[in-house]
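The chain below stands alone and is given as structure tokens, in the form predicted on its own.
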């Protein structure tokens, strides 16, 4: 029987007992409210998903204020922000150092007065310094006192790159004066400015440059971009900081969730809410490519370290784990999918590598989470070699093999996510195929 539309648009905060009575698409919802809007990030989870889930489980008495929410794929920190909004502590992992910085900048509130003082220290004299940097560059083609970041040649207009570097040095000075949390907040503003200033095409999730013609006309005003974003982000942080408990803890580990127990510990999480990568980073969403220049401009990371982000994601070049020969026997759906790929000489080995690594995370999450508590995987069904990969079914079957208890599956459409709607599965130029237009929220209970 078709559900009444007036019922399906309700959320858990309206007192709905059954999660299946909620419209999980959340079309038209504001995805940049509060600190969610500090910085763009590809394939972000819609904040209403963790917001609704946490609200529901609190209403049902499954979790309480002060409990711990864990996200093994922290990304931009959506789950961590919503955890604090609901009075919960948060922990997470990410292999991308930029994502770790962004998650903590979004989730950890800053004191209003101290933020204003740190901002004043940062911007006082900034205009004159940037004029001096530009003058020195125009005179000699370099500014000797600046240690330039390890960005690749040809990705920035050089005068502006020197100005960005000068702002970075000012933020380093703020860190010495005001502390890491305030410097981290300003680094996110610098990251936004870096993407606007670079030759990278901002509408792309992978690293593509503007055309030569567009590069020749690209002359961005660094100070204007930086100060505009700084003002916007300070307003968002003040609003967020006024609404949340500053005594809660948010810890995002710069490490791999395939070894999460070493960071988080056993039986620590009261609920898990996460959105795993759709596939290996190099052929789906290239988080490392997206983050590369901002990370090199704003953080103490190396070029090689950032290049490794996409290589070491699920299904990438990860040498710690041993292969699991019987993995496809744990999931009939995975076996059928791999057989289909093999039958058409498709990328069966790549698919198996991805699910091998994903399975390792499932095992770690089972240990991190208290027995019987909710574990929520928000997954999409991508294609490989033009074969649809039913990730939601494979997720359920692999988790059940470990000992999870299946609760429910909640389908949702993806109305506005920063990801490709079409891709070239065989990496052939001009060959495209359907990609993700819907997700599934797979809810299980930890073993």
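Just so it is clear, the model here is predicted, and its values are computed rather than measured. Numbering follows the first chain given and starts at 1.
Although not depicted, the form predicted in complex with a small molecule is the subject of the following passage.
- Stretch 251-259 is the answer when you ask which of 149-157, 219-227, 251-259, 109-117 has residues with heavy atoms within 4.5 Å of the small molecule in the predicted complex.
- With the partner omitted here, the residue from 94, 104, 293, 270 that has a non-hydrogen atom within 4.5 angstroms of the small molecule in the predicted complex is 94.
- The listed set 88, 375, 314, 237 contains one residue whose heavy atoms approach the small molecule in the predicted complex to within 4.5 Å, identified as 314.
- When the small molecule is considered in the predicted complex, residue 82 lies well away from it, no heavy atom lying within 4.5 Å.
- Of the heavy atoms in residue 76, some are within 4.5 Å of the small molecule in the predicted complex.
- The closest non-hydrogen atom of residue 191 lies beyond 4.5 Å of the small molecule in the predicted complex.
- Contact annotation for residue 412: none of its heavy atoms lies within 4.5 Å of the small molecule in the predicted complex.
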